[in-house]
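To begin, one chain is listed below as structure tokens, in the form predicted alone.
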């Protein structure tokens, strides 16, 4: 079996580079660069998947898109001891499941809308204000959770931390500061060898 992860610079696919490193599995990382003017992914990705987006995972003749789906696929096949995803009968499982999907769900979407509104210079319209309020609500939710738990699923690091990482890193870059519990979480995960390896491989 030959695993190949198609990774675009400055994109959410870095979360899967991190996860692969945490899992310690043999996976080729194929690098792509955004267009310097449009910031779009290169057209070569369309040869692999109709959406032409990154990340994409190839496993022999299987091609999978979407970060969450790729993470679940890798964990199901390569984490039999459940080191990075709790068993379904674990008390941590509901929290884990919620945060894995939150990485692409309600806490993430306001920031994405805000990003596109900023690029379009539409920062003083009702939608922009609504998204800013939703982003603040999401940040408060994350902070309250991390004030009670060291990691997103509970007391142990899991794949949920990898998937939530991109959103929180971007929040830190935009805001310049994070609430204390969220900042402490970020410092904990940034100290992990796999996180540092992900930075070496490329973000």
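For clarity, every value in this text was computed on a predicted model and none was experimentally measured. Residue numbers count along the first chain shown, from 1.
We do not show the form predicted together with a small molecule, though everything after this point is about it.
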Sole residue of 104, 98, 79, 72 within 4.5 Å of the small molecule in the predicted bound form, by heavy atom: 104
Of 34, 31, 145, 137, the one that lies within 4.5 Å of the small molecule in the predicted bound form (heavy atoms): 34
Residue stretch of 172-180, 137-145, 151-159, 64-72 approaching the small molecule in the predicted bound form, non-hydrogen atom distance within 4.5 Å: 64-72
Touches the small molecule in the predicted bound form: residue 55 (any heavy atom, 4.5 Å): yes
The small molecule contact in the predicted bound form: residue 41, any heavy atom under 4.5 Å: yes
Heavy atom of residue 5 within 4.5 Å of the small molecule in the predicted bound form: no
